[in-house]
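Form predicted alone, single chain, as structure tokens, below.
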């Protein structure tokens, strides 16, 4: 898609993958952070991680297995929370621990059996060995994320403001909530091989957190967060490949650094002092 700008196919594919992964994750990350359930990010990431590990062990496509596992967890979050009468954060913590344990078990068991399968890409990402279909899938989920937010912006805003009021006003809260979880599950699963299960949380939370330091409306956050994530991810991909550095970890450090700088420069930190009467 960007061949007219970047002639080297490996670099071009890496930039495209990082760009599309960052766009979808950061857009959905705004919703995650505004829901005050950032734990959705690392729970979904590790659910996809566990699914991919099971897929590798069973000899099936790891991306499809990651999608299946993350979608399954997305579908179980609500019913398990209602049945157990526990908060969403508590349920997410349980799923996080379970999926992380499953992923580690299968990776360790494969090493014990000498199956010769490397889980490095699942852990830290790999932008070099990419198929064109993976990039198309990432581009597709980015478009879906943008369209979803555009079509349901008012409903999402109401849901973020107050879930009970949104439900009382006639908004289909449960279908909307599960729709959000489903798209997050797809975005996370498709980004797993590019960013890595241990780093996906950075893309789902940090760009939105950086955007929040300067934005005073939800609409502006939906613009600024992907702008930050996309710009830094492209720079990270180009710098990492140019200097033979691990792209995803380097970009994660850069995104976190942007958050630190934005927190320091944030106008929201300014305190107005009044003279005593």
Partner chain sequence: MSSHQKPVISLKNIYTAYEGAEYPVIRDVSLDIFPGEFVIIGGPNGAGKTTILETINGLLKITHGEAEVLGMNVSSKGNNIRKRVGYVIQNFAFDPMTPFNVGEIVLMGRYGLIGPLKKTGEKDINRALEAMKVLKIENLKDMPIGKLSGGQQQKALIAQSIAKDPEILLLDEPFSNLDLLTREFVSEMLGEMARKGCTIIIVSHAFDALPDFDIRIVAMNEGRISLDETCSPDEVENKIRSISGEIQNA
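Numbering follows the first chain given and starts at 1. Computed from a prediction, not measured in an experiment: that's the story for all the values here.
The same protein also exists as the form predicted in complex with its partner chain; that form is not shown, yet it is the one meant from here on.
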request  = Would you check, heavy atoms only and a 4.5 Å threshold, whether residue 155 touches its partner chain in the model of the complex?
outcome  = yes
Contact test in the model of the complex: residue 170 vs its partner chain, heavy atoms, 4.5 Å = yes
query = Contact between residue 120 and its partner chain in the model of the complex at 4.5 Å, heavy atoms?
reply = no
ask   = Can any non-hydrogen atom of residue 131 be found within 4.5 angstroms of its partner chain in the model of the complex?
value = no
query = Can you pick the stretch from 248-256, 228-236, 215-223, 49-57 whose heavy atoms fall within 4.5 Å of its partner chain in the model of the complex?
reply = 215-223
Listed residue (76, 160, 100, 139) with a non-hydrogen atom within 4.5 angstroms of its partner chain in the model of the complex = 160
message = Can you pick out, from 115, 72, 143, 151, the residue that has a heavy atom within 4.5 Å of its partner chain in the model of the complex?
response = 151
key: Stretch 30-49: residues contacting its partner chain in the model of the complex, 4.5 Å heavy atom cut-off   = 34
